[in-house]
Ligand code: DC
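To begin, one chain is listed below as structure tokens, in the form predicted on its own.
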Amino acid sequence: MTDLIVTLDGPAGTGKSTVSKAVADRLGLPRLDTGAFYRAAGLAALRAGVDLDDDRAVADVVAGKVFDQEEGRMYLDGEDVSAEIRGQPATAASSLVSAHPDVRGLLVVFQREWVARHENRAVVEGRDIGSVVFPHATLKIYLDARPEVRAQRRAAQTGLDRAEVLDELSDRDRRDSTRNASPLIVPDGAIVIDTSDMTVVEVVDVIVDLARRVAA
């Protein structure tokens, strides 16, 4: 069976999760949300009580855990932690541990192994997928949108104030794009899609069409 790895990168609020789910469904492929791995790593570190700023200590915890994801559910040592990793403690922890090079190195290996187990046919979303995790992916997509549009979308999802969300997204963008380990960039060879004035269906149609062309 021919490999078909479709990567979706981009900042928060561009529609990666919604789009990647729909693209995976349309193409009949499994989907991997790599952000959930970092949230689970943050949760594991919290449970272990280690210093979240200590790269080596967090990496030691992560190295001893089993991470898996099936049908949109995230598992940590076989426990379904899908709900817990979306809570504020795990969210805050993931922001810290995701900046650690040793932790990212371990999770990249886990993510590659997950895709290999699925016969190298998957839709994978994140912030360093086309640049670091799968630099030779079949199709690389980078989703973007104007900051105010991204903030409006996130505010609608969370119920928070749009101005507050815009500040939060700006801080996240700065951290993601300036971190030493796997910063957020447009991967080489990626097709950039500005989703600001597009519906989800329109974005999905474009990506599915591109994927079918490269897979033909």
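The first residue of the sequence shown is number 1, and the count goes up from there. None of the values given here were measured: they were computed from a predicted structure.
One more form of this protein exists, namely the form predicted in complex with the ligand; it is left out here, but the text below deals with it.
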At 4.5 Å by heavy atoms, is each residue in 18, 153 and 194 next to the ligand in the model of the complex? no
In contact with the ligand in the model of the complex (heavy atoms, 4.5 Å), from 185 to 193, 43 to 51, 172 to 180, 58 to 66, is stretch 172 to 180
Exactly one of 103, 123, 129, 141 has a non-hydrogen atom within 4.5 Å of the ligand in the model of the complex; which residue is it? 129
Is residue 73 near the ligand? Define near as a heavy atom within 4.5 Å, in the model of the complex. no
Can you check whether residue 136 is within 4.5 Å of the ligand in the model of the complex, heavy atom basis? no
Residue 147 within 4.5 Å of the ligand in the model of the complex, heavy atoms: no
Would you classify residue 30 as touching the ligand in the model of the complex, given a 4.5 Å non-hydrogen atom cut-off? no
In sequence order, the residues of 94 to 115 that place a heavy atom within 4.5 Å of the ligand in the model of the complex are 94, 95, 98, 104
